[in-house]
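As structure tokens, one chain now follows by itself in the form predicted alone.
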């Protein structure tokens, strides 16, 4: 596991009113879409656990970290980073049409994947009920309820959801009879990871078709076939 330092350069509010932070850090510390970093203030003795950070936007010299963040973090603070950690999204080489689906209150953690897809000249459609920042006009925005219709269009589906939403995933996708989605895909599952990726506490256990997997080690991005 690699260690780095990052400086908080700026704070901003996302469309839901939550705080995001711009972290200035070495390029080697940048997480791939879906990966995470563990961050903590080395001067704060009261912070018992590190904070998992996901990118909301990747920059040349750092990234915007998606909410939620510790309220004590302010511009100028120097953080210790560990990572990048976990399995991120992996787009197959033959993908031409990418569907993104944010099931929660924010689509922020999917936006770095959208950045990557646009650099590869892919067609990108985002399905969400969340408030959104200003996005490139090349990203098609759709209501979450239209997602089942998109499965016949997309070559690949990337989903962001919480562990509590895993059981309702088939219904959101409009699937019946235990059938898998019509296109391949992956899901970024949000779960508490208090042990910092060691897999020692089991708090981030995710139910899959055959048992359980740990978000901190086996994920946090999982193949959709894990549930079918």
Partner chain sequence: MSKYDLVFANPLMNAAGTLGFAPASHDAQALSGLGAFVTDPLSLGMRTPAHGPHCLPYPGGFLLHTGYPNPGLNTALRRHAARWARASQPVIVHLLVQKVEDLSWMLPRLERLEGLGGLEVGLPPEVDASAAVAFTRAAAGELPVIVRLPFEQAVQLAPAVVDAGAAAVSLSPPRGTLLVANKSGSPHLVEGRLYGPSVYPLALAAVRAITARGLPVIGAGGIYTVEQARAMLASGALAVQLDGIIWKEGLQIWNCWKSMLA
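What you are looking at is a predicted structure, and each value in this text was computed from that prediction instead of being measured. Numbering follows the first chain given and starts at 1.
A second form of this protein, the form predicted in complex with the partner chain, is not displayed here; the remarks below concern that form.
- Heavy atoms within 4.5 Å of the partner chain in the predicted bound form are found in exactly one of 176-184, 57-65, 42-50, 24-32, that being 42-50.
- Contact check for 70, 72 and 77: none of the three has a heavy atom within 4.5 Å of the partner chain in the predicted bound form.
- At the 4.5 Å threshold, heavy atoms of residue 205 reach the partner chain in the predicted bound form.
- Contact annotation: residue 87 falls outside 4.5 Å of the partner chain in the predicted bound form, judged by heavy atom distances.
- The closest heavy atom approach of residue 82 to the partner chain in the predicted bound form falls within 4.5 Å.
- Among residues of the shown chain, residue 201 is one whose heavy atoms approach the partner chain to within 4.5 Å in the predicted bound form.
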